[in-house]
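This text opens with one protein chain seen in two forms, each one given by itself as structure tokens under the names structure 1 and structure 2.
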Structure 1
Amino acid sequence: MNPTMKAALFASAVAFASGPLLAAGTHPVTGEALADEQVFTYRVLDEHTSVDPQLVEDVSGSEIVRDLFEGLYNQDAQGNLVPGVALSHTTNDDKTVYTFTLRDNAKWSDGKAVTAGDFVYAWRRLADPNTASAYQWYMEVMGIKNAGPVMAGEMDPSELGVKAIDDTTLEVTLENSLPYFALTTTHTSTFPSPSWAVEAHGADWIKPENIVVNGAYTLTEHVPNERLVRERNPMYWDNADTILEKVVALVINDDSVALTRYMAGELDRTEIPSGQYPQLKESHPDETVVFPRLCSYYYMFNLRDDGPEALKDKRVRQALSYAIDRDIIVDNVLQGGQTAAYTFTPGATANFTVPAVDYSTMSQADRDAKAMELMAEAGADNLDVTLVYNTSEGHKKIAIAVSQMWKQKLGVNVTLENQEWKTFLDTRGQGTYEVARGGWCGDYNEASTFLDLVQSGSGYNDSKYASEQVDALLAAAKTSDNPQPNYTRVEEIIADDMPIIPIYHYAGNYMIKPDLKEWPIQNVEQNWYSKDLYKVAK
């Protein structure tokens, strides 16, 4: 860590620890009059996968986990690192050993101190194949020493390159230099877990009556597929500066129903339904919010050995990609600030330049003509394809639009199949699909968080695409001072092999009540923390 970064983190830590106590009825910094009721209620599309830091695998679940648990570092409103449990870190000269200094006032909700050993336990648990975490592969993304052999069951988890020097000193050893390693520690899978609670209750340790947390909030109610409530954790080290008392997540599967309930005052935040941004911006200009996000929307092909034979021909995959008019989808179907995607990695990614892959430079008319030519070459007349997506009006609209493009331009017969979230994840993970919707939001702000998904060993490479050249380029990029040429080449290769079809790069599209303050719209990762939000008096 450079001295400036270290000093900045330390200064932030001091400011957080010594900040003024909340003045009665006013914000301690801005002086704004605060609402008497500090409750934030928002909508989620689906039931989350888990609130176990080592098992959660979806965006909405990770949002909850960031409230219940705290990792080494958090992010500020711009996405910069700020102290969490860690106050600072140092590295050796070649950046293969990272040493984190932890705060001594962090506590679990049962009063126990949060220690370096709690991180060691959590990281070993994540890498342990017996945990069966969908995010196990993240240990290799982070480059932790011995992660691969531990994950494969060839080494005991105790051999993982992480150890507690003492209660407030955590040492991490990497396989190779990784300059951006600290950025990876904001991911929920790296958050600490209380060994005593996990061992006492097993899978039930995350139930409200059993859970032990170290974040700003604790879990007080969970009705699956309906609601989840978290309330302030009085044992949190910065509880004195937390303003929101309660956060409520409501599961509402229908975008239009969610908007109706927002308009009725039941929600403080919800997503803008596809195609409705222009009219809502006109009617509610102070409540519509649109901003770029570090996310990509795509379709994936099943390239497993037992997958559809026709889709193993890359000419067919290219044709299906070329025939999608992305401008129609973003401008006519979505209408919410999204951008057409021809690469997997979005332009919002830090220190990444989007390459001009070949088909991105063609007109749509030329892409359509090339698509028809490729299908003819492949002899793929009257192709039948099943496209699966998780239940959502927005996903449905896109799927209908794409199926019409494929039918009209290429004569492809498309069967659409929507599935509820957990079934959909199982379908993709088990490879019982032909073409499936995909969406990926960066786990950290660096291009590898996207491109690692096309690495052959990735836990989220649900296409099972494998390219030795891609694997080699990505491995070399991790230790390069300038990985852009590698990333450019990987994007070029996957634009040719087309294991996935990039469709658009996300924009955040929210309706947010004007009395809810400090939503971090400048943070493209959208790692938000309820402790940083507050509501002003109307």
Structure 2
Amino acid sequence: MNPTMKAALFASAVAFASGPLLAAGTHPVTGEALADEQVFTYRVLDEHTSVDPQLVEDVSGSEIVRDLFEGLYNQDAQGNLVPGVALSHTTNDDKTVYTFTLRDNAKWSDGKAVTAGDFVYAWRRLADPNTASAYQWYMEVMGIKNAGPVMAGEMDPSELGVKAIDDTTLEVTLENSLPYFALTTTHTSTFPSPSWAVEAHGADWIKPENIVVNGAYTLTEHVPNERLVRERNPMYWDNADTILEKVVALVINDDSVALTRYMAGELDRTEIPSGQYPQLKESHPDETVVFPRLCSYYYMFNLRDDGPEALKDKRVRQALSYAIDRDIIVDNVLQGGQTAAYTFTPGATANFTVPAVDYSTMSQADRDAKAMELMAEAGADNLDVTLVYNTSEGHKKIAIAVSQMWKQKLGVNVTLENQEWKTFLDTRGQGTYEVARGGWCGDYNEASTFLDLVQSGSGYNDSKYASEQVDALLAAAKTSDNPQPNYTRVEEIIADDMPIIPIYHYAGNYMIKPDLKEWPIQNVEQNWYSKDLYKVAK
């Protein structure tokens, strides 16, 4: 064999060997050409509270935790459950005992296997009063047996209704039947934590140099209030199918600055500053993204005994609600893809059909006429109300629009009052207001996360509305296989009693670079996982 031939053969051998490598530059399923640099950089408004699964409280922290740790189930792009550490689960007939089968190939980043015991440790840790997690109560939402007494320190955390049958079998015992229990396991506070790392490093176990993770990414850099970097975890069981190499979260407090930096190519994703959606949609049609979110914007009436007398009359509350032209708020004030709300629960909620409550089917002209009639009947002319909201340009615009509608249609004199956030929460909690702004995002994708707010015992019920009928319907819905009729009835009662005025359902507004694929816009909870995203070649 002469040297030239040898070289040629060698070259073809190299070409052959590198064939699969080149194929790695294309997406294994869609065949799209992938970008060489698989780095996703996105903006966060504020520094996250924690990356400890049991301590994290905020949305941006949970986003990080979903990359660093993996719970029993994940969500797909539509928000459906897909296996995470758990492959499947079974339940007993009355749905009080859930048994999860865990995959045997899940590993922590230090090489240890992820076991059922890691979940038991994490859940006990969450419920333990000494951990003092703000999400302790989530164990009660999940209905785990003995969660209450453990949280109160009356029972040892080992009495919590969760146990490891063996390394790959986790058994959970509930206080009551809970048909949607599996849905609650995508919440970050239920993710496993490595006992050995927590015990060795204490509160410092989540520092990049100490952290042990079981998610697709590990924490490599954290500069508080500036950036957080996570990179591929080679021990992750599905690492071979993960495409993004690196994810960078940049803290940018100012919306407009974030947008400028996005435009300058420093970010792949940012929020659209309020009011700028129509304009950006025009100039960057393939980068603006809008999607419904599991959140509702509403006004609440103070229905406490010492609250304003006039608002105790249901007709006045109805009139004030009817007189708000939600279409104007949504189309002219917000202009960001929000939808008008006549019920509290958003239509985007899973297994929930928005009931056609009476006033939602009327025309605005009819609603206005009815509102005037109701006000006259109630004899509430020259009504004075104070509307309080937390300081923000957005809330102010809506409050001004609403106060004008009330003034023009019903002759109500509205005093607008804005308060700094914590002062505002205090005012609402203490009940020293007449009408107040509220916003609520679901904790999980089920209508009860909204309707619980009108339950008389709920800590979130700031209007202090109390209806025995609503309480009974909601209690029954908890254990029912088909709670929709109960939810429909509750929404009808709210539409009649009107303790709150639903105004609109939120929409998410993002700028996303067109080369970033698979952003789960269909997932109303916006639970996204970096392992599912990828960048195509430009």
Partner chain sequence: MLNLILRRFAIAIPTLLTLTIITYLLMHSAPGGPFTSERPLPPQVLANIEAKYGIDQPLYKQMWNYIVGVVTQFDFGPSFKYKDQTVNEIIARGLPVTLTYGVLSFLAAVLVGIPLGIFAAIRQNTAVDYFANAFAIVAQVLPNFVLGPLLILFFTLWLGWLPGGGWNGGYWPHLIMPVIALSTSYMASVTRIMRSSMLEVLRSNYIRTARAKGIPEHIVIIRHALRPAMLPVISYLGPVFVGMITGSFIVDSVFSTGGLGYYFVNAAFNRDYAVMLGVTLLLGALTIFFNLLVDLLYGVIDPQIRY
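Rigid core here is just the name for the largest C-alpha set that superposes within 1.5 Å across the two forms. Residue 1 is the first residue of structure 1, and the numbers go on in sequence order from there. A quick note: this is a predicted structure, and the numbers were derived from the prediction, not measured.
One chain, two forms displayed separately, with the form predicted alone being the first of them, structure 1. Figure legend: rigid-body motion between the two structures; of the candidates Lys112, Pro292, Thr479, Gly457, the hinge maps to Pro292. Fitting C-alpha atoms of each rigid part between the two structures shows the smaller part swung round by 25° relative to the larger. In the core-superposed comparison between the two structures, the CA atom of Pro483 travels 3.5 Å. Relative displacement of the Tyr433 Cα between the two structures on rigid core alignment is 11.8 Å.
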